[in-house]
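What follows is one chain in structure tokens, specifically the form predicted on its own.
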Amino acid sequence: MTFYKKCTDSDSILNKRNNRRLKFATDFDKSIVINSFKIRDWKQVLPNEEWNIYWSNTLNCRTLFNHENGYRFQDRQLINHFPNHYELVRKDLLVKNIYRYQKNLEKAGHPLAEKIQETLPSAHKVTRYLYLDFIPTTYVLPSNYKRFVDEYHRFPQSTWIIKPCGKSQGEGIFLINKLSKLKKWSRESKKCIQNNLPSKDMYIISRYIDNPLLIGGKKFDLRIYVLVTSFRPLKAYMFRNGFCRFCSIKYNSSVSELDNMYIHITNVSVQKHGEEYNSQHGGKLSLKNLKLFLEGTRGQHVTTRLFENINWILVHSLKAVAPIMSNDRHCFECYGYDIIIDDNLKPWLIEVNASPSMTATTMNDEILKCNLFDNILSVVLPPSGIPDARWNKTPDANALRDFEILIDEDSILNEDLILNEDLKVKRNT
């Protein structure tokens, strides 16, 4: 795509003084995106015309920031992705960055990197991080193939889940419990996992969470929306109205059901093709109702601790990538976090999505996503309502609406002090 014109500062001033409409461009033919802007009386234009906010896909965002393209952002322009968002949302890079974050804190002797040794029911002894153990054991294929095989032989009874690094919506995911099945897949798919593959064909293999928390006998995960307006200083907000996504068939861990994705994969794009899928509620439950259920069945204290631990995951996954993110002042981004809770009420980070779906599957879903989109605009726009990259990105309490502050390093005078305070909280819980 070619981008020709730029929205100049003088154009934006005229928008205000002469009551000219602000302009948006988008790569998506989604009614929620388009209508949310039009309700604010914004005018839709093409991406190669003058715009104030561009709700782009990730590819066109990277094209804009490519130095060879020669595009120069103006102060009155904002875009909905950071240039190298893939450091957080690409599955292999997310794992790599979290592992590096853990190691860096460990090398620095930081108390957050404290480790403990545990003895499993199988009598195996394992060492894990006490406070930073929030992603399942994961290896990148093919580069970590030998390390995975060593781990497989240590725990031959484990189930593993394989995901392509560059795909989404549940595409290409499958489970294995035998090394021979992995080798068979490699032969049949002509992807030699023991040799180098193009980055687009790389996979991750993670230990499957085979003891998920169940409701009504069904597995589910959480979709939590996190809005980041800056990585340095880190400014992030969590949308209160997330939801659970349920499988349509009751959970069964037997080997004979490993290939049944309607039991194991919670993505709506997978579940909606199943015979048991309920199109009225879309297999979704609000986070608020989940909290009420857990408070009633497990108690208020452990429920509060669970959601504190989820917030902990969100913050430290962002901290893991913050040093390497291209922190352009024209950018903001809403990420879709997928979290699974096991039956010990321990949350696990599964993946992060750069372009969470703005397509509604039910009426409640449409209301939620319209509210989410409108709330995003409320947070990223300054009080004037006109995009301004020079703004300090500190919305007032009224502008936050259904977002709550996850972390705002602008308000932190001493990072180490805050980390130590967080550590005290973790120890107390």
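Numbering starts at 1 and follows the sequence shown. Everything quoted here is computed from the prediction, not taken from an experiment.
There is also a form predicted together with a small molecule; it is not shown, and the following applies to it.
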Requested in this report: Go through 302-310, 263-271, 232-240, 324-332 and give me the stretch that gets within 4.5 Å of the small molecule in the predicted bound form, heavy atoms only.
Outcome: 263-271
**Report entry** Option touching the small molecule, based on a heavy atom within 4.5 Å in the predicted bound form, out of 287, 209, 140, 214
**Finding:** 209
Report task. With the small molecule left out of view, choose which of 130, 173, 93, 149 has a non-hydrogen atom within 4.5 angstroms of it in the predicted bound form. Result -> 173
Report task. May I ask you to state whether residue 136 is within 4.5 Å of the small molecule in the predicted bound form, using heavy atom distances? Result -> yes
Query - Close approach of residue 316 to the small molecule in the predicted bound form, 4.5 Å, heavy atom - result: no
Query raised in the report: Is there a heavy atom of residue 158 lying 4.5 Å or less from a heavy atom of the small molecule in the predicted bound form?
Result: no
Query raised in the report: in the predicted bound form, does residue 125 have a heavy atom within 4.5 Å of the small molecule?
Result: no
